[in-house]
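Look below for two forms of one protein chain, each set out as structure tokens: first structure 1, then structure 2.
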Structure 1
Amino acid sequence: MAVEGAGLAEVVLTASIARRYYLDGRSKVEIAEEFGLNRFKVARLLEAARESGLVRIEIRHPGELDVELSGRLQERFALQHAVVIDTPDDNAESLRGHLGRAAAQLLAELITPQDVLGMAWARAVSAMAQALPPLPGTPVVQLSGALSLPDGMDASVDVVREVAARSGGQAHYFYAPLTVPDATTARVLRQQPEVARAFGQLPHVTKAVAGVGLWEPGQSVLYDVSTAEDREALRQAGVCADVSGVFLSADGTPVHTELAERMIVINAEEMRSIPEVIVIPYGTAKAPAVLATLRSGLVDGIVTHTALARALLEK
């Protein structure tokens, strides 16, 4: 693209000056001396080159990280951290692997010896745990009970113990299911010593990781293992998303449900009190649930992939 209103000679001159400045690393004073111009003329030509498109500046990262989308997502939703991985893959297992490795890298950068890490189970959180490097003696706290899954994925206890083993910190875990038949049983379980001790660590948790599910078949592990009655009751209550067991409406408002009273998991207010919660969502179908999660104010960071990031920014 030519500099608007300029003759051919000036366009060639502008391009030559831009090449010296941006590619050769020459200073404006050096360029002015070479071309017999004053440095203010050089500065004006460089500005014209940028404004006209003769020079285009791109900020790129050589790896999988999409720097531009990460920055746009972070700014749009006022997040502390946003990491968008550039992968065209739409296979759920492969996406979990890519995002798990990215989340592990991010967490390793953020965690300090003074932090306490909370783990709310999700498939993506399990993938992150498998990719984590050693952490600096970080204690790890289980935030949700265990689900029995037919594919044998790691349960909450296994993930917490694995991460604590990598960090060398204390593991605060408990053996209890995520859901039980009635609220009375849930209250009794929460009073059991190991459960009470783990949840007693909540005031000390400074960082946590969680998954996001859309309240639809195949888009939420919790949905898929719930009864038909619970699924319909939550749908009628307006539930759009579950953030590792915390239910949200489409506008991000926490939804109180009878199912939540039968669950061994932290609630919305307890999640909100954690200084930094990072979610690891994947799959464009989950965009409404992720949008609800970002609107909720419960989360402070996200690790996701390009297709889902674009879907969120278009909403």
Structure 2
Amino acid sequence: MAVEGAGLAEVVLTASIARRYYLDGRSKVEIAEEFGLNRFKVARLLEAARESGLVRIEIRHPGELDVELSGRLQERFALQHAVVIDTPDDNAESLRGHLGRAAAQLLAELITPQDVLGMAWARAVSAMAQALPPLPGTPVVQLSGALSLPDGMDASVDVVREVAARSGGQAHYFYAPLTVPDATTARVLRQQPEVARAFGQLPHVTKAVAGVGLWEPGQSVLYDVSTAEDREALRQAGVCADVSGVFLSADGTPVHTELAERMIVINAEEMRSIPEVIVIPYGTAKAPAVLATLRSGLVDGIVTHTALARALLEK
């Protein structure tokens, strides 16, 4: 009422009271005394001020963080943590840089001296590692074999060693590729002492970071390095998302694949048992895969950018 129906004097009065209340932080009783009203009148005027829009309450953050989208994402997908960075999404490189820094900041905030950090391989995870401050003696466990990329990006091994070195914690790493030509080789590799030791640490891992790929050309490094047969086989099997080597269908169900038997990587059950897994997806094209990931219940946190966050919320 204070705006549409009411007159000028009432609006001015209401605005003065609103200023006293909201900006000066006075109590309604004080205000009532000051203006010669009773506290109920003051309360009603304030209510009217809010309803009519005379008082507008805005929640926003000066920096890159989009608190609005972060909150909605967190709520919508029942996540423990969601961080949405407002950054124009021109190229993947700069996106990874932004998200990596944000993820590093988030992780630094969440990690306690009791935590054990797991790191799956993903380019965004590498970007994060670069921005990660020294953690309080946190042990670091490698969750997947390495993929050799021509762009000189750190392989999973190096990332794990570097983070652990800076943190002063133990590094549980191994030298092995992410995929090998046959299941037997994979089995043999998994039994290698260093691999077995690293994977033996899995039950102690309390926080982990991973990337998300969509099982399409150019949307998953793993897809891009796979053979045509594997690409097709997984497509046939209904694979939609690849969460650092864990395959999910569009509804978030883990999909068992023959390829998985030829990989040196954490599996879905192991990932689920990690208390907090954070993924760092980017690019709106990946929305279906991210949706699958969030529905899977495997992950508990997300660091992403506004465009993808919006795409996820629109579904």
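Along the sequence of structure 1, residues get numbers from 1 upward. Values in this document were obtained by computation on a predicted structure and should not be read as measured data. Definition used throughout: the rigid core is the maximal C-alpha set that superposes within 1.5 Å between two forms.
A.B. asks: Decide which single structure shows the form predicted alone, answering 1 or 2.
C.D. replies: Answer 1, the form predicted alone.
A.B. asks: Classify Ile17 as shifted (yes) or not shifted (no) between the two structures, where shifted means its C-alpha moves by 2 Å or more with the rigid core superposed.
C.D. replies: For Ile17, whose C-alpha is compared between the two structures after core superposition, the shift is 2 Å or more.
A.B. asks: Core aligned, does the CA of Glu261 move at least 2 Å between the two structures?
C.D. replies: No, the C-alpha position differs by under 2 Å between the two structures.
A.B. asks: At a 2 Å cut-off on C-alpha positions, does Thr284 qualify as shifted between the two structures after fitting the rigid core?
C.D. replies: Thr284: C-alpha displaced by less than 2 Å between the two structures.
A.B. asks: Relative to the superposed core, what is the Cα shift for Glu33 between the two structures, in Å?
C.D. replies: Displacement of the C-alpha, rigid core superposed: 3.3 Å.
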